[in-house]
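The chain below stands alone, shown as structure tokens; this is the form predicted alone.
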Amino acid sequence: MADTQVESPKKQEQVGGRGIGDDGALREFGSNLVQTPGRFRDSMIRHGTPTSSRTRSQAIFTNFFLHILPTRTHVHAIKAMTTLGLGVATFVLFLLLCITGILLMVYYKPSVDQAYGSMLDIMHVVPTGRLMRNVHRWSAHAMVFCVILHMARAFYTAAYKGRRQFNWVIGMSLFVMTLALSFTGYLLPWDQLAFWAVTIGANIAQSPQELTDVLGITSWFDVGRMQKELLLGAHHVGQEALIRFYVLHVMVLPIVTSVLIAVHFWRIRKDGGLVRPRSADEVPADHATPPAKSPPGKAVSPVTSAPLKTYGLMGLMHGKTPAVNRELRNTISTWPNVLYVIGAVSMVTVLAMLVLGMFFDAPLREMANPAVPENPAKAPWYFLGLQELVSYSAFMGGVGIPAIVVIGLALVPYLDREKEDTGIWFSGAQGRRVALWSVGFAVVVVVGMLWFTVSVGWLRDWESTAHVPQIVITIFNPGTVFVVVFALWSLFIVKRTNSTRMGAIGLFTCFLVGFAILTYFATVHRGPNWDFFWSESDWPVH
């Protein structure tokens, strides 16, 4: 008994020195369990509550998702007219598409025998499936619309100048990726609308045959056929095309788009933030440094515009950061000011898509039937302008002119290198006048050409030109006339204003107005056999 009484306290000391006998370890375990939520939060978010400038800065520095933002943001960046919230709205729409797309993938079957049935199940059987599909469809349309507006905003505020040149090219790449995502997703419902719209796209891909046939090289260099087979995996729209479009839509294109978005955001941060005019960095009058007293007989220049701070790189390398000469008094803390703006734009965007999804169903026609073509077979609205041009020439309307426009827009920062203030809409009063002139000019040219082709026709419709060579039909058509006339108008503006920036504004405005008019014309006034009708009520009844 004596040995046992002596050994018992020793055993208590040997077990971690915590005194299990008096339940100390259990109490510590309970205390740790209670503290776990707080410690988990502290291990994940390594900064205090953002109640001071220091902790707000730490919140931005240490948070992976917020580090894309600077700790302080210029007040000009959160003004409504600076960006119109289009960049944030576009990104939120992309996230909505990813989320709803993943939910739809759970029930969708990429098979020509089951795809249409799975769409019916999603619409009528799956809980909230109709809402998810509707939100996905309208978000895709809204993203294309917002990307176009965002590109126009960046162009008209000269956000492509200086060190932002490459980011403009990234933005153009995102524009192409957005169109590709929408186009590849269009086939997946496997209904009549999707099947024949993609058939049109496949024929456009094959349109280089129009040129190679004229040159007599199709037999050994058939690039059109190669493009069509690469797109469809076969000579026709079938199972191979569906699975290719599915893989592109759900994996390849979203990954590429995500990488480009990350680079786009990173370059905005590295290029000094959102573009702004020099006047936005002026020191307020009440903060200006008083002028120094001039010695007798000597004039001292005022120092009100001199920077109060400069920012070096702490001996790591020579030179200064872009923050040199930037006054901090015109900035605000990103947390919470900018985050409130981002949150507000995000909520409005999501709300708009939910409202559209609740009250407007995404279209779903009959199951795809290759034996019964749609008449008219129309592409999505953002491709209808091209489809109107394709009706004149498949190659120039579907390949040549789009390539010229995209490459030309990508080269704008490298062709327009005038030293001027940025961040000002239309670069001032002169730019606004040029834009208005260009709107009027483009309306007259496009509407006049459409009226001419509807009333009089084009080369193939005239008896005197019935035997015109195909190469002439391919090159000389209303689409190429638009491009040449708009280019001449741009050169005229450059000569008149002695400014390449004004010429670029004129050319971009003409293309934007032309795209809008052609889209409207093809949507409203083109009916069966692509004939002109004032409204759908005038279509012939079979």
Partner chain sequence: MTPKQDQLTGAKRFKTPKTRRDFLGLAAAWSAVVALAMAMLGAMRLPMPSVFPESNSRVKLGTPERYAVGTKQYFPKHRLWLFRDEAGFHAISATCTHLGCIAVRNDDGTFHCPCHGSKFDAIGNVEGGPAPKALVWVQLTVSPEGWLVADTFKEVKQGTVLVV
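Residue numbers count along the first chain shown, from 1. Being a predicted model, the structure only gives us computed values, none of them experimental.
The following text describes the form predicted in complex with the partner chain, which does not appear among the structures shown.
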With a 4.5 Å heavy atom cut-off to the partner chain in the model of the complex, the contacting stretch among 91 to 99, 166 to 174, 203 to 211, 141 to 149 is 203 to 211
Should Ala115 be counted as a contact of the partner chain in the model of the complex, where contact means heavy atoms within 4.5 Å? no
Classify Gly24 as contacting or not contacting the partner chain in the model of the complex by the rule of any non-hydrogen atom within 4.5 angstroms, answering yes or no. no
I'd like to know if Arg365 sits close to the partner chain in the model of the complex, meaning any non-hydrogen atom pair within 4.5 angstroms. no
The partner chain contact at Gly457 in the model of the complex, heavy atom, 4.5 Å: no
With the partner chain left out of view, which of Ser346, Thr453, Thr71, Ser391 would have a heavy atom within 4.5 Å of it in the model of the complex? Ser391
Going by the partner chain in the model of the complex, which residues of 212 to 241 come within 4.5 Å of it through any heavy atom? Asp213, Met226, Glu229, Leu230, Gly233, Ala234, His235, His236, Glu240
